[in-house]
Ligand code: AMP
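There is one chain below, alone, in structure tokens, taken in the form predicted alone.
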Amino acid sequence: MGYKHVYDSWKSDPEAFWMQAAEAIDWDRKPSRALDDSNAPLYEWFTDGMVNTCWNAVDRHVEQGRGDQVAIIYDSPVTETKREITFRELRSRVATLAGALRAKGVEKGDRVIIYMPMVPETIEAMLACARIGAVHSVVFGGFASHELAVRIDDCTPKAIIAASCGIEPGRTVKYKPLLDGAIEQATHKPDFCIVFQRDQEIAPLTEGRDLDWHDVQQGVAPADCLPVEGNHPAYILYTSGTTGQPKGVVRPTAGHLVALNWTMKNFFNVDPGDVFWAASDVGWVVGHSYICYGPLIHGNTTVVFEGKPVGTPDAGTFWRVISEHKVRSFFTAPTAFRAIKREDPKGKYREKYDLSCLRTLYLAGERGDPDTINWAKDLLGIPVIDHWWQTELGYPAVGNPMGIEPLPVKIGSPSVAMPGYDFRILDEAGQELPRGELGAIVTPLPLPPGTFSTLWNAEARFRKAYLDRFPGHYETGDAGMLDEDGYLWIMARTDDVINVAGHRLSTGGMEEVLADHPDVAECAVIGIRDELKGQLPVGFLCLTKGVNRPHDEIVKEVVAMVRDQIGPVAAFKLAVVVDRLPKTRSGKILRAVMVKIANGEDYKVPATIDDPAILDEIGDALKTIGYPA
């Protein structure tokens, strides 16, 4: 069955399509129907089914005779540690931790915040919560105290599970003082904290509140899996909101199981037993979906990697991990490849490793620019699959379904809609635009299973942010266009479409041109206020390692390239060379903050920023071209 057949079968009968996909999941009580539309536009899936996530991710593989298969490979170049945990070992470890949580009073529906680095124990904590029906909320390890406090007050956890520290290249990040500060600032206080002590930093425990990870598990009865309703929240994951208040995305259990399991073969084209690696962090949605849940539910071996694409120790670390652990499908962010390309533009480290095990590279998280995709394709000699989704959606919404039928690749487009989505392009009045025109990307409701159902304790905000502007549709917040073949081209966040003298232009289109310059390793384009034209584009260029030509020459060349390829209408005349771009820890460029700096507006330093000092560097660079005016 090809893509068109599968997509049409969903479109003609969504209920039957998702009920069939649900057959691959172990149910304690099978659902009688797929969609529950009784509270539209707040749709839910498989609500009358009873199911347990941990059973599907761990226990059933043991029961099916695959207990000796490796479930988790832990590879940490920063601590020089490697470990393998089988499904049988994982079941024992998770059941014991779940028993300890239950013995301390954590029950179905209670929230547990997990504040941990990239270690197997983080995955175990997530699964232990799922085992007893507790709702976990993973907060990126090392987040500032204030941001952690905001999340504590929003989801009011009964318990917090934390590690003593995280390891970054060249430094240890102490988590415990940040945790203590957050609990002090928060109005809500957890009943207790469990602290996983790492050898690199033994944290002092607060008497009467803190418990040692190993001590708390001594002598407790292992917990069995507790079946929960299909619409019971599996987790809350906070994503940054435009107001500065984090948005707690709620992921219901049953749809999450069905959808993630479906994607592992149909999209990522792996079979049970294959090694799958998503080089992300469990603090992000990619880590939830494709380090923890997706691979384990489907019976894959997942890689938990504690390191960076460069500097741990070099730009060949990804190739080492792939080669050593026989990775079949690899998923990372384009920004990781841009970092590798900047350090090793000729790809010399690649030559040291046998990568014959690797079939496909998947990129998502930040726009996949053609220059990066072509470089990766030429370097690896395998398909490079750009795809698009969001924290809210939970898994690929637009992509090339390699397990169904590899479609022709159009570099710069993440390809076509997956079952569950029927994307349209609307203008500001909500009218559908012709093919090839730039507008707001929406999809009709209901969203498919596995997507979010609401925001935690914020239904009004959920409606306002996603549903109200285009009634009957989900507003993605992204801008783009559909071409004649139905391929979606995602050009920018809606906010990043700039208006230059009445012309709506995509900053992403300009970035593609800049990235094509041989000396440019990475770039960003923003629109800044201009009295005459409304907005003007400004480019920021990070140069490839070893380039030492005069910067003004490179700027002249990229200005000429934009004029040549997009036209004088873009009014692209300003660009500056910078050492680095401000990014979140998942690699997203903080363009909106850069705009505020350029316009001389007040801004809030985002909690997710990798290094706040970069913002001062951006401000200094802008001053050299006269901004803020």
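As the structure is a prediction and not an experimental result, all values here were calculated from the model. We call the rigid core the largest set of C-alpha positions that still match within 1.5 Å between the two forms. A residue's number is simply how far along the shown sequence it sits, counting from 1.
Separately, the form predicted together with adenosine monophosphate (AMP) exists; it is not shown, and the next lines address it.
Engineer: Between the options G439, G365, P77, P120, which residue brings a heavy atom to within 4.5 Å of adenosine monophosphate (AMP) in the predicted complex?
Structural biologist: So the residue touching adenosine monophosphate (AMP) in the predicted complex, by this definition, is G365.
Engineer: Of W213, Y421, F276, W389, which one comes within 4.5 Å of adenosine monophosphate (AMP) in the predicted complex, counting heavy atoms only?
Structural biologist: Contact residue from the list: W389.
Engineer: Please pick out the stretch from 554-562, 92-100, 292-300, 365-373 that is in contact with adenosine monophosphate (AMP) in the predicted complex, where contact means heavy atoms within 4.5 Å.
Structural biologist: Result for this chain: 365-373.
Engineer: My question is simply whether K352 lines the interface with adenosine monophosphate (AMP) in the predicted complex - judged by any non-hydrogen atom within 4.5 Å.
Structural biologist: Answer no; every heavy atom of K352 is more than 4.5 Å from adenosine monophosphate (AMP) in the predicted complex.
Engineer: Does adenosine monophosphate (AMP) come within 4.5 Å of any heavy atom of N266 in the predicted complex?
Structural biologist: Heavy-atom contact with adenosine monophosphate (AMP) at 4.5 Å: absent for N266.
Engineer: With a cut-off of 4.5 Å between heavy atoms, is S145 one of the residues that contacts adenosine monophosphate (AMP) in the predicted complex?
Structural biologist: Answer no; every heavy atom of S145 is more than 4.5 Å from adenosine monophosphate (AMP) in the predicted complex.
Engineer: So, in the predicted complex, is K104 in contact with adenosine monophosphate (AMP) at a 4.5 angstroms heavy atom limit?
Structural biologist: Contact check for K104: no, nothing within 4.5 Å of adenosine monophosphate (AMP) in the predicted complex.
Engineer: Quick one: which residues from 281-302 get a non-hydrogen atom within 4.5 Å of adenosine monophosphate (AMP) in the predicted complex?
Structural biologist: Stretch hits: a single one, V285.
Engineer: So that I can tell if T332 moves, could you say whether its C-alpha shifts by at least 2 Å between the shown form and the other one after the core superposition?
Structural biologist: It does not reach a 2 Å shift.
Engineer: Inspect the rigid-core superposition and answer whether the C-alpha of Q535 shifts by 2 angstroms or more between the shown form and the other one.
Structural biologist: Shift at Q535: 2 Å or more after core fit.
Engineer: Your call: Y474 and G502 CA atoms, closer or farther in the predicted complex versus the shown structure, by 3 Å or more?
Structural biologist: Pair moves closer in the predicted complex.
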